[in-house]
Structures are given as C-alpha cells and as structure tokens.
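We begin with a single chain expressed as structure tokens, specifically the form predicted alone.
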C-alpha cells in the first residue's frame, strides 16, 4: 500500500487512487466547436443537390403519367378506333410506361447515392473530436483545396486530389461538373445549355428574382443583330423578350435600339452591347446564381479562411519596407488579398521571439543581450546548453555569456 507523507512528518494509509478520464483541453474543444460552425456549406450543397434530383424525378413522373392518362382517355373517347389500332395504341402506352420505369430506377439510384453522400458528411462531422482534431483539420484542408480548384476550373487536379485522399463523398465534384458544362458553353458563345439550366431551376430562380435568363435572352437577341438577321431578331424578341416588358422595359428599349445600328457602331451606349466582355459578364452572373442556388459562398473557401487569418495579422507595419519576411503580409499576393480588410485591433503589444517564433510572456520571458537585441528565455537557454554557456546573436553575430543577459519585464 502506498504511503503519503503528511506535513508534520507522520504517515497515514492513502486511499486508492480513483481513476479519472482526462478531458481534452478546453481550447481544443472551443476550437472544434468554432470549426463546426463554419460547415454550413458542407451540408447544404449535397442536400440541395438531393432535393433538386427529387424534384426533377417528380416532374418526369408527372409529365409521363399525364401523357399516358391523356392517351388512355383519348382512346376511350374514340368510337372509330379499330381493335388493332387500340392494341397498337395501348402497346405504345405500355412501352412509354416501361421507359418511365427505367427512368425511375435510374433516378432512384441517383437519389440513393446522394442520400449516402449526405449521410457520409454527417458522419464526418460527428467523427470530429479533440483527440483527432489534427487529422480532421488536415482532411478539412484538403476539402478546402478541392473547393478552390473546382472554382478555379482545375477540375482534373481536383479529382486527383479527392481520389488520392479518398474524400469523394466530402467534396462537390459532380455539382461543379454540372456548372462546367454551362460555363464552357458560355465561353464558346453558346446559350442553349445555360437556358436549359434555367428551365431546370425555373421555380428557384423565379423565387430569387434572378435576371440570368433575361440576360441570356438579351445576348441571344444581340447576336442575331450582330449577324444582321433583323427579321429573325424581331421574331425572337416578340416570343422571348416581350414577357419581360413589365419588369425590364428600360433594358429592352436600350437593346432594341441596336436594330438601327451595326455591330461596328462607335456609339459608346450601344457599342458596349456588342463587346466580347458581355459573355464574361454572363459567366460571372451564372456563377453567382449557381452559388446562390446551392447555398455556396461566392468567394472560394480558401480565400475566406486566408482573409480571416490575415485580418488578425494585418497592421500598418506589414506594409512598411522593413517588414520581416516571416510575416505573411510581406508577400505581395497576401497583401493584395488583405487589402480590403481592416487592420487588426491590437490593444496590447505582443513580443515574438525571432528564433523560435513563439510568444514571449511571463512563462517564457524576454532576455536582453548586451548589444540590445531581445530573444526568448527558452531559445537562449537551448543555445547556451549547446555552446557551453555562450550566446551568439543570430542577427549580428555578437557573442556573450549567458550570465551577461538581462531579464526584461513585461508590464
């Protein structure tokens, strides 16, 4: 039995130690909680994709069933239909139903895969705890990199990273592949895929008062005018642009005036409508509507997280010529990213050791060399142990003994 010494020198039997479970540090728990709060998009995107697939399958069923029921009713109302014609008609309806069955089986398979993806993401979030936080954050970083690559159109690289890290269910490659088809078509000055996308998401776009389809129609009208096919342009406007007259009359009037001009006009008001940059504007507009539809952020997640970190580091000193190279904001790319961000509010100065890059505080106080340079106690003690009590200033090469150091106090 173990004996514990008491202050008066006597001994008494100690009670058996009670086993306790070590709780994770509160800082890690808080960090984990803050991390999970930022995963809204992580769950929203596959859920919205899942709902979209369900709605699409429901529309297919409604359309096909309505046609079949209408075909049966028409056949029943016809008195002049022979038996052979009736059999052929019913056989065509049966074939149509069989086709619908195949579509439903395929749709059910896709729905099942998307439901699995939602489940996989919930499991991934539930698996996060303070003990495996480092591993979980590493996987999160890979997810953020894949998101950035997809938004920057590096699709092949994103797929390879997802496959090598086995995180296919945790990234939105298939969703961005859908967007890629529309973006590629717009870059090739084709609006058909974009209009088909608008038709598939008509109710959602209408609810958000999107102008994307209207802008596509305007661009198609301008292209007809550019080709000097004015009669066809007028017919197109009557069919597709007239319904927008009650809400977008000013834009319509401006575009209709292009019928009196050619694409080579020098009039600035109408020349801009024929500029190739109009297609770039449509690509940007599509990306905005696409992100809004799936609940994504307009900025890549990588940019958002970098800006969050840079906002905590940004000070006026970062933009001075003598800014240290260890400061991320000494690099032009980070300075550009942090340009719209406010300066960090530093109520108290922080001393960081030049050698270890660790904070100098009461537990690791600063020490002053005779030449006036300051380093942390931890760094200087390690240097003294390796050099028989000698300290060498890494910036000037000055050599002194450890006993010559003077402790600095932080008030």
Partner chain sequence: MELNTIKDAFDRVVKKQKLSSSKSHEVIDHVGQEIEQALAKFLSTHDSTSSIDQKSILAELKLKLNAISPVQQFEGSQKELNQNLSKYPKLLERSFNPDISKAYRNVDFDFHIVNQIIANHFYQQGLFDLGDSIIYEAGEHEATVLKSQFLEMYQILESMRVKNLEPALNWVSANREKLKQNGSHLELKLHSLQYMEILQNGTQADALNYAKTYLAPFAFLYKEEIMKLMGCLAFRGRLASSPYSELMSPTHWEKSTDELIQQFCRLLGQSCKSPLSVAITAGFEGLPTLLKLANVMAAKKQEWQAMKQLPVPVELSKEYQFHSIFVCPVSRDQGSEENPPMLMPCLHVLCKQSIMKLSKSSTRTFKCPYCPAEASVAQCRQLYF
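Whichever C-alpha set is largest while still superposing within 1.5 Å between the two forms counts as the rigid core. Positions refer to the first chain, counted from 1. All values derive from a computational prediction rather than experimental measurement.
Quick note: we don't show the form predicted in complex with the partner chain, though the next part is all about it.
A.B. asks: Any of the heavy atoms of residue 383 lying within 4.5 Å of the partner chain in the predicted bound form?
C.D. replies: Residue 383 lies outside the contact set for the partner chain.
A.B. asks: Even though the partner chain is not shown here, does residue 365 get within 4.5 Å of it in the predicted bound form, heavy atoms only?
C.D. replies: Contact check for residue 365: no, nothing within 4.5 Å of the partner chain in the predicted bound form.
A.B. asks: So in the predicted bound form, does residue 395 come within 4.5 Å of the partner chain, heavy atom to heavy atom?
C.D. replies: Contact check for residue 395: yes, within 4.5 Å of the partner chain in the predicted bound form.
A.B. asks: Closest heavy atom of residue 304 to the partner chain in the predicted bound form, within 4.5 Å or not?
C.D. replies: Yes, residue 304 sits close enough to the partner chain in the predicted bound form that at least one of its heavy atoms falls within 4.5 Å.
A.B. asks: Spot the stretch among 249-257, 212-220, 337-345, 229-237 with residues whose non-hydrogen atoms come within 4.5 Å of the partner chain in the predicted bound form.
C.D. replies: Stretch with heavy atoms near the partner: 337-345.
A.B. asks: Of the options 90, 130, 283, 192, which one has a non-hydrogen atom that comes within 4.5 Å of the partner chain in the predicted bound form?
C.D. replies: It is 90.
A.B. asks: Using a 4.5 Å cut-off on heavy atoms, which residues of 131-167 contact the partner chain in the predicted bound form?
C.D. replies: Contacts from 131-167: 137, 140, 141, 144, 145, 148, 149, 152, 153, 154, 155, 156, 157, 160, 161, 164.
A.B. asks: Superposing on the rigid core, does the Cα of residue 47 end up 2 Å or more away between this form and the one not shown?
C.D. replies: The answer is no; the displacement is under 2 Å.
A.B. asks: After fitting the rigid core, is the C-alpha of residue 98 off by 2 Å or more between this form and the one not shown?
C.D. replies: Moves: yes, 2 Å or greater.
A.B. asks: Aligned on the rigid core, do the two forms place the Cα of residue 317 2 Å or more apart, comparing between this form and the one not shown?
C.D. replies: It does shift by 2 Å or more.
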